[in-house]
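In structure tokens, one chain follows: the form predicted on its own.
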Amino acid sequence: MINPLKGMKDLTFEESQRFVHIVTTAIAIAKRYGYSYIETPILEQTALFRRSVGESSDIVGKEMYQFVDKGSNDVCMRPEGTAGVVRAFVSAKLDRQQSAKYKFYYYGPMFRYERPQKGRLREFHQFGCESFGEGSVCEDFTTIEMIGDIFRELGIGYTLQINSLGCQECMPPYRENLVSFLDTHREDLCEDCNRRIESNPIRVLDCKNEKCKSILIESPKLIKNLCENCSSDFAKLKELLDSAGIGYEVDTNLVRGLDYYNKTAFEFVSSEIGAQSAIAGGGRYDKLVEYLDGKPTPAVGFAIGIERIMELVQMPEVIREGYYMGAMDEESVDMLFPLASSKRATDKVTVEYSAKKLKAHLKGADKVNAKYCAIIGEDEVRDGLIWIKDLDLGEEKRVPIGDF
């Protein structure tokens, strides 16, 4: 027997129903906020993620499914969704329409070679949204509000954590202060942190090592060193959240795992899924379009880890729908097909191809959650009728086949 690769799994039965419910719910809400669908390739040039996600990130340094294809191209399976959407935005020259604003949603598989654990697989799925052309912090607030709507619709509780990562004006002096602090703790920091001090010291704040985290409690806080513009935006974000009654915590060490974020960063976390508590995250990335050779374009976005929330979702009550159609004898089976074809113009229809007794047909209708069980037998053929039972109300009747 051939099994799935480690860290990859099939979505079947109840899990597939949950997946579809999550995606359709998220899509419906994204559309209310003005987003339209975008599809980007699973396979991209490796350079795309090196330039966007960042050489210092764990994703690029350790986790990408990267290889050279038969055309000698350095490619990889996409490890996240934002970079591909930005690449598509620039490829379509949408960045040249400076007065226009674009909003896209996407969903699909992502790939990272890491240790599989609960809610974190090597092939996983994300739903995400990216908004281009709007530089106001009001868009950051609206993005957070939309995620809250999605989780509320899915019945998922959460805690919102926010931070500001500053901009090109306030980041350089802060970086110097942070490096000075980290230099005094090099012997106690892990190997990855020491490497990041040289390449991208801000990434040290994202370390998951418990010893490093305890040291970083005393590290300088960017939020206390923001420039006037960034400080004003962060204050406005908190004001909007307060006015909307959206609770939040300010996490001064929240930097997200990708190098392209600036200003607003946020995560939605849950205590119900173990150590890996983030169920959604995102923020503003005003320089990423430029990094990928586009014209300056403000942008903000997020992604939800679908596998992360599968077990947290409250599924809606199953509602019976459509028809189950069956025959009592072999000679009557063929009569079902034109009737089923006609009904499928407006209803879901399941046809049982084998002749069975009424009790067996009723069990079959129950298994597929049909609202109506429609049966043809010898008596119905003789009288030109079809027997129908409403499985919600328990009412049954026989009607002319022509009126079915």
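In case it trips you up, residue 1 is the first one in the sequence shown, and so on. Because the structure is a prediction, the values reported are computed rather than measured.
Form predicted in complex with ligand HAM: not shown, discussed below.
**Student:** Quick one: Glu130, Arg256 and Tyr261 and ligand HAM in the predicted complex, is every residue within 4.5 Å by at least one heavy atom?
**Tutor:** Each of the three qualifies.
**Student:** If you check Ala278, Ala88, Val313, Cys227 against ligand HAM in the predicted complex, which one has a heavy atom within 4.5 Å?
**Tutor:** Among Ala278, Ala88, Val313, Cys227, a heavy atom within 4.5 Å of ligand HAM in the predicted complex occurs only for Ala278.
**Student:** Pick from Phe234, Phe124, Tyr174, Tyr158: which residue has any heavy atom within 4.5 angstroms of ligand HAM in the predicted complex?
**Tutor:** Selected residue: Phe124.
**Student:** With ligand HAM left out here, work out from 201-209, 186-194, 78-86, 321-329 which stretch has heavy atoms within 4.5 Å of it in the predicted complex.
**Tutor:** Selected stretch: 78-86.
**Student:** Heavy atom to heavy atom, is Ala303 within 4.5 Å of ligand HAM in the predicted complex?
**Tutor:** So Ala303 counts as contacting ligand HAM.
**Student:** Contact with ligand HAM in the predicted complex for Gly166, defined as at least one heavy atom pair within 4.5 Å: yes or no?
**Tutor:** Result no; Gly166 lies far from ligand HAM in the predicted complex.
**Student:** Answer yes if any heavy atom of Phe104 is within 4.5 Å of a heavy atom of ligand HAM in the predicted complex; otherwise answer no.
**Tutor:** Flag for Phe104 set to no.
**Student:** Going by a heavy atom distance of 4.5 Å, is Glu114 a contact of ligand HAM in the predicted complex?
**Tutor:** Glu114: yes, in contact with ligand HAM in the predicted complex.
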